[in-house]
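A single chain comes next, written as structure tokens; it is the form predicted alone.
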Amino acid sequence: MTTICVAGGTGQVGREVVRLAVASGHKVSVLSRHVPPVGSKKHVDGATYFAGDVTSGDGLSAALAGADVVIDCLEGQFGKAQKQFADGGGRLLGAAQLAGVGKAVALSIINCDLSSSAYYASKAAKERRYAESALQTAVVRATQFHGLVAMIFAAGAKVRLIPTFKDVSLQSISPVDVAAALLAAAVDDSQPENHSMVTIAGPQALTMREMAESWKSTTGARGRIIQLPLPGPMGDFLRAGHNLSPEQPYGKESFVSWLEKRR
């Protein structure tokens, strides 16, 4: 049994990590800004929850006490949270070192250091904090989640226009598969180097149009599939295929099977 602290353990991937870790017999503490109520979808029975904030350092020592490893699933998508994302990661690492934690594992994005978009740059900056840490660290880079793609389609379907991006393919992955990879990295005792990085990707690389057609068929949604140009750094990143890793398909749950579970 490993004692694991999951930072951001109420988010989309974090709560899946908590669920898998508890089911595997590990002792689990969860750090989040707010403690979720028992019975909510963010609360996993068998885990202990602590309120804390990596931007201030409040609550970190209590959540990390006695942990062998910390898994960082924290997000900072917008505004102040994005600007403080890397610093928050550094603060979590510092608190983990003081608490005697032996290893830290972070969730990141495939090839985030190849994009100049602010969100991806914040991920790359946190990766550097992990590489510089005195702790043993591992970074798990993942492709886009199935849910992100479905959200784009659903938003457009409200006005009967389902958007796809020209010359863009995706290799989306299930949050459950990402959680499994994070947990595997956390309990891996054979990591030879002090800092490691692994990239995981979904089982299929599909054009956005192919995904939109599958989404329509599976969900029964109505709307015309349209193709749009995607400008800026994100468009350049996706058209270059930096979001794909066909030689490293890790995920088992396809986009369609993920959709069917939520139909």
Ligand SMILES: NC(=O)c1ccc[n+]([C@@H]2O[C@H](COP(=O)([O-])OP(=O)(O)OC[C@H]3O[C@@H](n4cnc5c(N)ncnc54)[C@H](OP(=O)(O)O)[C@@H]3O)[C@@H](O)[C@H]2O)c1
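Numbering starts at 1 and runs along the sequence shown. Computed from a predicted model, the values in this text were never measured in an experiment.
The discussion below concerns the form predicted in complex with the ligand, not included here.
Shown alone here, residue 222 lies farther than 4.5 Å from the ligand in the model of the complex, counting heavy atoms only.
For the chain shown alone, residue 145 is a contact residue for the ligand in the model of the complex, at least one non-hydrogen atom being within 4.5 angstroms. Remark: residue 12 counts among the residues lining the ligand in the model of the complex, judged by a heavy atom distance of 4.5 Å or less. Contact between residue 34 and the ligand in the model of the complex is found at the 4.5 Å heavy atom cutoff. Although the ligand is omitted here, in the model of the complex all of 53, 107 and 119 have a heavy atom within 4.5 Å of it. Comment: 26-34 is the region of 26-34, 62-70, 202-210, 222-230 lying near the ligand in the model of the complex, near meaning a non-hydrogen atom within 4.5 Å. Contact annotation: of the candidates 167, 188, 75, 87, the single residue with a non-hydrogen atom within 4.5 angstroms of the ligand in the model of the complex is 75.
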